[in-house]
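There is one chain below, alone, in structure tokens, taken in the form predicted on its own.
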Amino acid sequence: MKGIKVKVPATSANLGAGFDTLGLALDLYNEFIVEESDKLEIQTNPKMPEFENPDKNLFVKVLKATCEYLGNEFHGVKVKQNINIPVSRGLGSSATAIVGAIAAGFAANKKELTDEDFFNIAYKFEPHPDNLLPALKGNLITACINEGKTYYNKIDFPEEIKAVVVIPDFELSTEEARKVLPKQIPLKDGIFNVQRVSLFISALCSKKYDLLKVAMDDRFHEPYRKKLIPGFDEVIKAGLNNGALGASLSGAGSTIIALSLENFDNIGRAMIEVFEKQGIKAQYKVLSVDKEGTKVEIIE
């Protein structure tokens, strides 16, 4: 075996009302190529000097932890990271590093990765299954943790719906986005979200897509986080006015995701125009749902 190549999809968590509950895998990928070496070498493409520092490289940290979990000493490795998912934009870039490293470590040791093994390692770095599991398993995932055990279900997302992700040119760390959240919410807001996340899942299952506009409303996190994103309400409105079924913050942001059956480019352009009026550059991508999750390839 010469090495291992791991391809991990982007994720969009929450999808409106499903705060810390729902996550969707998208066909935008980070790729990690790992080869044996006596020393630690890190290459990034495009070049990101911060990630080439082992102390700041999440993939390397998790790979080391995985080797130790499997009872092996970590000597060194040559890692090449092909980074296509924007960093700190709410598209699961950190989840790809965690999931990719665990998958690579188990493949290198010719061990089968169980859910229990995965959570034991992954939760040391990020305790959010709604972000991690779509990257590992693909598709739409709903997840929760109860008394230390993770429960999840994979839902087949309709192939005809595409995601228009609008990515503004500024980072928003999950830590920063968590700080603005209140410690408590009113009962009426809790009811509001339970109603809408239930409606969201049932609308997808019954293909009643006209319900998604209401179902993607949120009162848990977006009212607080939108203050960090200039023009947020107007961007959402521009997406809906141009044919989006529903729209919301992607993860902790700063990306905004719109779901649609058509008019993808019109939706993306309209949302970008609103950001530009705020003096913010942005780009959009039209993405399909990734149904398979992480793929591991042995390089001979």
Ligand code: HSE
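When you see a residue number, it is the position in the sequence shown, counting from 1. This one's a predicted model, so the numbers in the text were calculated from it and none came from an experiment.
There is another form of the same protein, the form predicted together with L-homoserine; it is not shown, and what comes next is about it.
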| property | result |
| --- | --- |
| L-homoserine: the contacting residue among K80, H128, K162, K154 in the predicted complex [heavy atom, 4.5 Å] | H128 |
| All of G239, R269 and K285 within 4.5 Å of L-homoserine in the predicted complex, heavy atom check | no |
| R225 within 4.5 Å of L-homoserine in the predicted complex, heavy atoms | yes |
| Interface membership of T174, L-homoserine in the predicted complex, 4.5 Å heavy atom rule | yes |
| is_contact(A252, L-homoserine) in the predicted complex, heavy atom dist at most 4.5 Å | yes |
| Interface membership of A25, L-homoserine in the predicted complex, 4.5 Å heavy atom rule | no |
| Contact segment among 38-46, 257-265, 244-252, 54-62, judged by heavy atoms lying within 4.5 Å of L-homoserine in the predicted complex | 244-252 |
